[in-house]
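Only one chain comes next, encoded as C-alpha cells, the form predicted on its own.
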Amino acid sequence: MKTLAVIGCGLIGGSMALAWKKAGVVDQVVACDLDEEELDEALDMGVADSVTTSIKEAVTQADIIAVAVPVLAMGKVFSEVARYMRKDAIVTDVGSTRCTVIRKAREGLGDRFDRYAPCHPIAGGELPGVKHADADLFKNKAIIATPDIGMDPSVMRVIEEAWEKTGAVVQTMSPELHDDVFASVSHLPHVLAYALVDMIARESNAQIKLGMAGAGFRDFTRIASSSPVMWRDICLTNREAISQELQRYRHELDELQRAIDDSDSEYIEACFDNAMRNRRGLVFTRKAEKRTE
C-alpha cells in the first residue's frame, strides 16, 4: 500500500492525486491544506482518502510527499516536512519556478535533500481550486524534471516514472534553463494578461469596454482568471528572468508604437507576418490550448 501526501490541495495538487491514483502509482492519498472547504471538496470528489490541516499528520506515514503550495510558501513547508517525513520517503513539488524553490528545498530539507526530486508539470487550468481537478490533466503534457547537485538520480527516476505512468512526457532541463524558458512562454504571458485586464478595469468606461470584448480578448486574457497568489509568487521567485522579458517586450512595443505613429506599414506587416508564421508553426491539441501553466 503506497501513500501519497499532497500538501496544498488545489487544482494541481488535486489533479496529481487523481492522476497518480488512476495510474496505479499510489493506492491512497492524504490531502493537507489550511482551507477546510477545499479538504471537504477533496473528500467528496474522491481526490483524497483522508484529510488534515497538519503537515505532521499528513507526512508521517507517506511514501511520497508532493508540495503543491504557492512557491513562496514552499520553504516553510519543506522545513516542516523534513521534521516528520520517514527516512525512506521521497519529496517532490510542482512549482512553476525552479532555482528559488530548489534553493529553499536544499535549506529546508537539510540532510534529506537527497530524497528530493522536483518536477514541474506544464499543465493547469484557468480556474483554481480542487473542484476543477482532472485525472487526465497531465496526459500528453510535458513534465520538466530539473535535477541538481545533491539529488539522488534513483529518487529522481522514481518520480519521473510516476509521471510517465499518467501519460505525461518527461523532459529534463537545468533549473536555470527552466526559469529562462518559462519566463518567456508562461510567466510573461500571464503578466501581460493580468496587466491588460487591470488597465481596462480601472478606466471610467470599463464595463462598456469589457461588455464589448470578443473572442480575441477572451482568448488573450483567459489566463488572467488564474490564482493571483500563485502568480504573484511566481513573479517574485523568478523576477530577474521575468524582468528581462518585460524589458524586451517593452522594447518591442516601443518599436510598434513608433511604426504606428509613423504609419510605417512595412515594419508593422513584417512584425505581424513573423509572428503569424511562427504561431502557426506551433502544434497544440485542442485541449492544450484551453490550459494554462
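Note that residue numbering follows the sequence shown and begins at 1. As the structure is a prediction and not an experimental result, all values here were calculated from the model.
There is another form of the same protein, the form predicted in complex with another copy of the chain; it is not shown, and what comes next is about it.
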Check your understanding: Looking at the partner-bound form in the predicted bound form, is Ser184 within 4.5 Å of another copy of the chain by any heavy atom?
Key -> yes
Practice item. Give a yes or no for Val158: in the predicted bound form, does one of its heavy atoms lie within 4.5 Å of a heavy atom belonging to another copy of the chain? Key: no
Check your understanding: Is the gap between Ser226 and another copy of the chain in the predicted bound form 4.5 Å or less for some heavy atom pair?
Key -> yes
Point to revise | another copy of the chain contact at Cys235 in the predicted bound form, heavy atom, 4.5 Å | key: yes
Exercise for review: Go through 48-56, 25-33, 61-69, 246-254 and give me the stretch that gets within 4.5 Å of another copy of the chain in the predicted bound form, heavy atoms only.
Suggested key: 246-254
Point to revise | Selected contact from Lys165, Arg222, Lys139, Arg83, since only one has a non-hydrogen atom within 4.5 angstroms of another copy of the chain in the predicted bound form | key: Arg222
